[in-house]
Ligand code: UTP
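Only one chain is shown below, in structure tokens, and it's the form predicted alone.
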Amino acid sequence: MSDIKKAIIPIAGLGTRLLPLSKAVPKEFLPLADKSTIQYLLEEARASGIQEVVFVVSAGKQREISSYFNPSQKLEKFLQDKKKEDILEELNQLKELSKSITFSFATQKEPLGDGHAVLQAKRYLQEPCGVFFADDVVDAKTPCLTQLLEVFQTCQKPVIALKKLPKEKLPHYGVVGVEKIASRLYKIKEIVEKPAVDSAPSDLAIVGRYVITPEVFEFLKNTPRNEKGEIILAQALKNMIQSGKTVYGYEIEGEWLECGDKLRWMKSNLYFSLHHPSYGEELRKFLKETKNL
């Protein structure tokens, strides 16, 4: 469908909003039902035709990624000896996932913003690519990145994933002002970070999925750090728009599940648990039985 075969997944953050859990377990490995958040992202990447993922990591996370996705012959032999065929099948699925995608690693030594993280992957990329942020998982029939790639195939410009939200939630998100082009497709006119309810330019919030072009890296290099000392991807895209460049937004189909703080992660974990093909029915029954607790 698309010539885009590479994607960036920044996971160098400290996960402070999920402490103390994230002190021992990186937030990308916290479970949503019976899979880690990072596994959902890689499954979406593979389903969208991605063949190489560049992880932007802090110290130690490369080892954790490798440990999670690399096969363990000792463990597999133990499970074979114990005839744990169902568990072996799940591990085989994980093995096949990791075999289908090549991993590369770039290091972000300090947490200097999501744009700075994306910029660290530049040396691996001289072509358009996808970007996943691990705080966001999208449950959709057509993978979220695939939806953006279908737009990119036509326009060959950066594409941002969007989702409509109730106006009272908009002050917590980046929100776009738009010109509608077609059903679900918009030309982005402005980007406003965490606007007041009465000043939001639309009801379309930015989801953590992008398709970017090499030109975005050039704008990231020239984007000043904000008051926190960070380089922000949304600001670089805003600068592109203000300079006359075209950036599109697509209102994605599917459920947007967030994992950036404890409450959002708990809600997302509950969603995937209740929709689990093996355990969902029993869990829904359990909730009905305990509704008075």
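Predicted, not measured: the structure shown is a model, and the values here were computed from it. We number the residues from 1 along the sequence you see.
Below: the form predicted in complex with this ligand, not depicted.
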Looking at this ligand in the predicted bound form, is some heavy atom of each of Gly13, Gln108 and Asp114 within 4.5 Å of it? yes
Answer among 43 to 51, 65 to 73, 27 to 35, 250 to 258 for heavy atoms within 4.5 Å of this ligand in the predicted bound form: the stretch 27 to 35
Considering Tyr186, Phe219, Phe152, Phe133, which brings a non-hydrogen atom within 4.5 Å of this ligand in the predicted bound form? Phe133
Considering non-hydrogen atoms and a 4.5 Å limit, does this ligand approach Arg17 in the predicted bound form? yes
Quick one: name the residues from 153 to 192 with any non-hydrogen atom within 4.5 angstroms of this ligand in the predicted bound form. none
